[in-house]
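Take a look at this one chain, the form predicted alone, written out in structure tokens.
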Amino acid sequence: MLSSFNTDLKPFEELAGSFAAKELVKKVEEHDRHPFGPFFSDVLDKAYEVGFLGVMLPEELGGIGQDIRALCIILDSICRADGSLGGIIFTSALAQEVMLAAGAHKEAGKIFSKAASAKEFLVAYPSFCNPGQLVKLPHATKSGRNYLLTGEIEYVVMGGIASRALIPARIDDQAGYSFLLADLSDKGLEKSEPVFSLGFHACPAVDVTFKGVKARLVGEEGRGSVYFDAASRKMHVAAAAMNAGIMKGSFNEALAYAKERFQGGREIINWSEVSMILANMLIKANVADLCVAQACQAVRQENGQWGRHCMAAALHVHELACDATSDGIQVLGGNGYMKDYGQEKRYRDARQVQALLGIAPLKKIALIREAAGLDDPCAPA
């Protein structure tokens, strides 16, 4: 457990664990029916009320002023029950970190400290991409003090439920990209129906089309990659914590099932093959905890190549999670593929987490190019 490395943060684990047990555990299958069923707005509002949507946001800006360790502990505990809410908490934190990296504290204060609901507090963001690796981004043109957004962007997480969105866009002849804050109620903005994804069904995303939508610049023109890199380095650790939690949820269900399921006249946990699978799942979960704990320490100390180490740790944890959740299905046999057991959902969610901040192969290429001191070949010219 992550809190064993940070005993002072044990209350956050207890709070998140209690929240998950009360609001998520018995309703996971129901929540997973979205977008073909209702969205769990009531749960999201309660998550906002207890502070989960602003964990690392400074108190003076409307958050609870904790560091990456608290966010990781909360995400770990929440994702043991349901990764979808974890995806919303992650995206909220990522949008806030990008804004703070851009020095937009005044703008952040106007949004977060004055919000009276989850919808007003949330800032939608395309958290499953690295904007610098996208060939196609919306275009922004200066118009007085503001900008006008034109074009499309896919898979904006929470775009259908938040009041605002932080959008990466290219400005005229500027190199690179910039971040702009857009009002999602603007008449020139069109949103698709929620996109049906592999996992995280209750962490909805929409494709957005802009037709001359007024937006405000966040930070400076052309420096979007600087702000994204500053935010993403620590947020890779948060993504790893999500998959560490998903692994624990998968292991706990597999262990409970193996202790109750009889085959050949005894519980299947007494079959050596099943015991070995469970042991491997436990080992992977423990290794994931160590990776996340050490990565959190690296973020706090910011020594040497801490950003690279955090990305490497996250990539490793994601691979462990995909393997472990596959094993979790295997322990349950045919039942592992049934929705009412939850193992197949954890497998889907682990794959979905792996794509946060950009797909895994591109992250690996960026990692080795950085280590070699070379430019990222995946970034548009």
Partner chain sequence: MLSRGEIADRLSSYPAFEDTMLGLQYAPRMPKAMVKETREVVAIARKFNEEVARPSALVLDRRTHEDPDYLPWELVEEANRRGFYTMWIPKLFGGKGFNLPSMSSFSEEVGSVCLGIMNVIGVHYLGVAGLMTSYNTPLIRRVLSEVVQGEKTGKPCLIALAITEPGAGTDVEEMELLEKGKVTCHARRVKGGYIVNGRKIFISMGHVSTWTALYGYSDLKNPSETTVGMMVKLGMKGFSLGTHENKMGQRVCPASELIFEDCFVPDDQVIADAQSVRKCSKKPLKEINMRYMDYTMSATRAGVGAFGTGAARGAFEKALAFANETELHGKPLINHEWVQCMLAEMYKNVMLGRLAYMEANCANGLRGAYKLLQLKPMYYYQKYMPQAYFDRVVSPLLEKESSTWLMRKMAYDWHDLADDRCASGWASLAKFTGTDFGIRNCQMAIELMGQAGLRQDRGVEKILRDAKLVQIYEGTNQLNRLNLFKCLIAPAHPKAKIFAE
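Positions refer to the first chain, counted from 1. All of these numbers come straight from a predicted model, not from anything done at the bench.
Not pictured, yet referred to below: the form predicted in complex with its partner chain.
Stretch 197-205 is the answer when you ask which of 160-168, 303-311, 197-205, 218-226 has residues with heavy atoms within 4.5 Å of its partner chain in the model of the complex. Taking a 4.5 Å heavy atom cutoff to its partner chain in the model of the complex, the contact residue among D67, E60, E29, D45 is E29. Contact annotation: of the candidates N280, N270, Q294, T150, the single residue with a non-hydrogen atom within 4.5 angstroms of its partner chain in the model of the complex is N270. Using a 4.5 angstroms limit between non-hydrogen atoms, G144 is distant from its partner chain in the model of the complex. The closest heavy atom approach of A360 to its partner chain in the model of the complex falls within 4.5 Å. The closest non-hydrogen atom of C129 lies within 4.5 Å of its partner chain in the model of the complex.
Shown alone here, S41 lies farther than 4.5 Å from its partner chain in the model of the complex, counting heavy atoms only. Proximity of H139, S185 and L189 to its partner chain in the model of the complex is absent: no residue of the three has a non-hydrogen atom within 4.5 angstroms. Of the residues in 324-354, those that come within 4.5 Å of its partner chain in the model of the complex through at least one heavy atom are, in sequence order, S326, I329, Q330, G333, G334, N335, Y337, M338, K339, D340, E344, Y347, R348, R351, Q352, Q354.
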